[in-house]
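Next up: a single chain in structure tokens, the form predicted on its own.
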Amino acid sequence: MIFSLDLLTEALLFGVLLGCFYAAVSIGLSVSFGLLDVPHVAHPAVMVLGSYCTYLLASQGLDPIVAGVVLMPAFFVLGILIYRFYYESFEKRGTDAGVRGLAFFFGVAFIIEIGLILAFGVDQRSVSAAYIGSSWALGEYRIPYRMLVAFGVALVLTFGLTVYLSKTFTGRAIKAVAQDEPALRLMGANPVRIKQWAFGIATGVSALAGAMLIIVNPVEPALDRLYIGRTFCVVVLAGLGSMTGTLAAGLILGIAESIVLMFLGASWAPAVAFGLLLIALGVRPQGLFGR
């Protein structure tokens, strides 16, 4: 394809919006995997579950964004239950928790996917709202409002979690729990409860991420497979546990994928996340914002 400045500008503009969406759907994994070192490969499946729950509430007339917020407490409790089972069954029993835990979360992902297929079938589901299907004219470019919504949610989630993790005792304990559990016990905090609480937060955020997912595109039960590489790429590229880094890494992935999509075609776009992931692991394993 012949190089065009207009096409490059459009790719960069769409890439920024796409990158913020990737950051929004990855921020829960940044907490569970980045801070807690839990191999939560079921994160995209939980997010798709949130999309279907959003679909059910939206079908009753509730705005999808409001539905995502309403679902967060229920998903918070779900996260606590999942982590408690994981801890009692694997983490509490020894050093091979990582391998067995990985198999456990793959099992959770498959259970969610099969459950959604049995409940909703394999057809795609979507929601409707005033900002879905319309766009904002910016000169010669048209920006979908649904992407602007994802942009705003990503900023709010990043700012909110950054403040919570840095300004509250529980937040600082979450950041410290994977580094020095004995020291945390000396401060009067129970590491298991801290991890349980943090995993609940990560899962609660996934409900809102699921709402963003179904706003941006229709969803199907197997959609989580497309986001495993993307979400882990964002988290690893950011530096495990960095909230602001997650936003920056999402922007990098979104812009790179958008440029590849624009100039090389859609078939090459899915390879971008895995390519960036391999580069990050080979050149800077601690991530761009990791220590």
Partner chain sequence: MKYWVSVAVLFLLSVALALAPTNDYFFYAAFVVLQFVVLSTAWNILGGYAGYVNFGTGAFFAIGAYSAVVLFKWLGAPLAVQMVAGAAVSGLLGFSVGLLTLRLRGIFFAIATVAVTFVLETVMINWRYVGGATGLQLVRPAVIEPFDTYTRMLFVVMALLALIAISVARYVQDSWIGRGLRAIRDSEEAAECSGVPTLKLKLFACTISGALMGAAGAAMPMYLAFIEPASTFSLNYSVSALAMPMIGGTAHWIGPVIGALILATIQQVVTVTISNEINVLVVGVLLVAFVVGAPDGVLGLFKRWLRSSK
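None of the values given here were measured: they were computed from a predicted structure. Numbering follows the first chain given and starts at 1. By rigid core we mean the largest C-alpha set that fits within 1.5 Å across both forms.
Just so it is clear, the following notes concern the form predicted together with the partner chain, a form of the same protein that is not shown.
When the partner chain is considered in the model of the complex, Ala103 lines it closely, a heavy atom lying within 4.5 Å. In the model of the complex, the partner chain sits beyond 4.5 Å of every heavy atom of Gly152. Taking the partner from the other structure, the partner chain in the model of the complex has no heavy atom within 4.5 Å of any heavy atom of Lys167. Mapping the unseen interface onto this chain, Ser89 counts among the residues with a heavy atom inside 4.5 Å of the partner chain in the model of the complex. Between the options Val99, Val163, Val77, Ala183, the residue in contact with the partner chain in the model of the complex by a heavy atom within 4.5 angstroms is Val99. Checking Val156, Leu118, Leu81, Met187 for any heavy atom within 4.5 Å of the partner chain in the model of the complex turns up a single hit: Leu118.
Here the marked residues Pro39, Trp268 and Leu277 all reach the partner chain in the model of the complex, each with a heavy atom within 4.5 angstroms.
Residues of just one listed stretch (234 to 242, 60 to 68, 248 to 256, 46 to 54) have heavy atoms within 4.5 Å of the partner chain in the model of the complex: 234 to 242. Contact annotation for 198 to 235: residues with any non-hydrogen atom within 4.5 angstroms of the partner chain in the model of the complex are Arg225, Leu226, Ile228, Phe232, listed in sequence order. With a cut-off of 2 Å and the rigid core superposed, Leu12 has a Cα displacement that falls short of the cut-off between the shown form and the other one.
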